[in-house]
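Listed next as structure tokens is one chain, alone, in the form predicted alone.
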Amino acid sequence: MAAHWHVLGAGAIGCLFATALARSGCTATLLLRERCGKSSRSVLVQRDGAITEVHTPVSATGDSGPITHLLVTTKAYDVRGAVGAVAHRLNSDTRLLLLVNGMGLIEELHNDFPNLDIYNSTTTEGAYRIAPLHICHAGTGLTRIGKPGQTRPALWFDQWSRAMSSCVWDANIDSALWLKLAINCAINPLTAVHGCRNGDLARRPELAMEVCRLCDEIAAISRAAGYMSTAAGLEQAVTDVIAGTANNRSSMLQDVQNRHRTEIDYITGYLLAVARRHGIEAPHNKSLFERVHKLEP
């Protein structure tokens, strides 16, 4: 029997994966903060000029009924509160899958909910919100799912491999998450502080030099933490992402421009915590961390 997935976070990524799971034969319910008086809502997915309407079940976080499989796609700083809002519906059999920027959240969730079975994931799928429950699927990417120490896919993983065009079980998911974190640390805070698109980090010599300084620090921290491949290839990986996303505004820049809180605590903040554990100074990353916080409301 296909698993019933509940999705916390009805933004672009949450709606994208909820509709993909639904089309693959799973039941996927969007969890909303408030009761809307309806048992389902239409989610519009725009792709290559065409719009697909997917009727999606909805449930309020305060409703009753157990949740067996929970996908969390909120902002990093909202994860603990969002999971707490449905804690009365979770039990030791619940499988929780995190699809969130940054690192450090599994440790926080294990402190709050020690019996939860937690998995992690990262994706390069591109999506953005046009309006509430109306998204644009801007580009197909690769989704990696895994759990530290678990080499074989979870029993429910085949549902995801059917739902997404490119989805793999990653026995080294921590390495994939660290690489994404390292790249984000080198790009997102700089774009937020300078109010620029990703491509400007290569076009403007003073910013390109700053990227190099950040990469040197991040590579040293990566080596100390045991992520040797990330350390060896970081500068090239960052260069490739900047080139491939030259016209993009990073999510951190968008948060600053919209006067929203950023996810800096779970990106550069997590990197700096690892640096402190290994006795490594990272002044350029620390300066950016402080400057981004000053831009937040």
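We number the residues from 1 along the sequence you see. This one's a predicted model, so the numbers in the text were calculated from it and none came from an experiment.
Only in words, not in the display: the form predicted together with ketopantoate, which the text now covers.
Undergrad: Between T239, T61, T68, N248, only one gets a heavy atom within 4.5 angstroms of ketopantoate in the model of the complex; which residue is that?
TA: Filtering the options by heavy-atom distance leaves N248.
Undergrad: Since exactly one of I187, M164, L133, V72 fits, which has a heavy atom within 4.5 Å of ketopantoate in the model of the complex?
TA: None of the others qualify; the residue that does is I187.
Undergrad: So which stretch, 53-61, 250-258, 37-45, 226-234, is the one near ketopantoate in the model of the complex (non-hydrogen atoms, 4.5 Å)?
TA: Looking at the other structure, the answer is 250-258.
Undergrad: Looking in the model of the complex, any heavy atom of K147 within 4.5 Å of ketopantoate?
TA: No - in the model of the complex, heavy atoms of K147 and ketopantoate never come within 4.5 Å of each other.
Undergrad: Contact between N198 and ketopantoate in the model of the complex at 4.5 Å, heavy atoms?
TA: Yes, N198 lies within 4.5 Å of ketopantoate in the model of the complex.
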